[in-house]
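What follows is one chain in structure tokens, specifically the form predicted on its own.
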């Protein structure tokens, strides 16, 4: 069997990614808190693709459980994809550090803890792929979500360093930077239709880019150019903007 490990498997993007990899012949480890909530989804994938789907519980903030979680996988995965994310509330996080810490730890520290363990195994095996779903929010801090953005910026830098470290071991690391995506997490946001992707579009982009060993993926592709403009706006002007 050829397992792909999908973290944060209850998210809309993760579900779309799971379907895409199963369609293309991969078995799946679907990992999430209360993973039993995915039983109907897993059964549907199994019926449609005839691939093995195993559900595993994991709390990404329970760092002490990460090594034992990975050790108990009888068949180690060919690759791992993290769709873990927590947008949080910016204003609440400014006043309550517990919220700020949850944003930082969910989007960065927890994933790094587990990725370090997986990376060490892949490096020894000299094979595998690691895909981290970061965000365009990490390309430049904005007042509306700079705590979330700063955690994603740290994750992007981590993936860049991991890609550099694992290159000689023939382990590929890909950074995914979605813009707006129509998911449960963004349901209350007023998103621009032309800049907003559907989860299935993101999954298609991720699968194709991973198969081609791309290093950084913006999805939708237009976000590469949107963020180029935002990154290169002079600071004296950018700090006055409300975006």
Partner chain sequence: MSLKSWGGYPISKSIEFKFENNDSLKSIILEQESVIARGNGRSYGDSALSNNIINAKPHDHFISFNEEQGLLHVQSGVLLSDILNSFVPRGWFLKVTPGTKLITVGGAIASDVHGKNHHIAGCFSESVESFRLMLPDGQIVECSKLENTELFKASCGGMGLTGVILDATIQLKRINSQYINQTTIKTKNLKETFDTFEKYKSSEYSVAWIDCLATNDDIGKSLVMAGEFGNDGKLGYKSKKKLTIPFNFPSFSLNKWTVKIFNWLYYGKVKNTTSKQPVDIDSFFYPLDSIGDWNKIYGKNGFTQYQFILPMASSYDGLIEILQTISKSGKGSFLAVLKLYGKANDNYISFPMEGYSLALDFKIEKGLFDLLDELDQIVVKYKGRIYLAKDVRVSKAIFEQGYPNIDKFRELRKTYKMNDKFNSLQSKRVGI
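Residue numbers count along the first chain shown, from 1. The structure displayed is predicted, hence computed values, not measured ones.
Absent from the display: the form predicted in complex with its partner chain. The rest refers to it.
Taking a 4.5 Å heavy atom cutoff to its partner chain in the predicted bound form, the contact residue among 36, 192, 50, 68 is 50. Not displayed here, its partner chain is approached by residue 184 to within 4.5 Å at the level of heavy atoms in the predicted bound form.
Residue contact check for residue 19: one or more of its heavy atoms lie within 4.5 Å of its partner chain in the predicted bound form. At a distance threshold of 4.5 angstroms between non-hydrogen atoms, residue 180 is out of contact with its partner chain in the predicted bound form. Proximity of residue 62 to its partner chain in the predicted bound form falls outside the 4.5 Å heavy atom cutoff.
Residue heavy atoms within 4.5 Å of its partner chain in the predicted bound form occur in exactly one stretch of 54-62, 38-46, 210-218, 171-179, and that stretch is 38-46. Scanning 62-97 for heavy atoms within 4.5 Å of its partner chain in the predicted bound form gives no residues at all.
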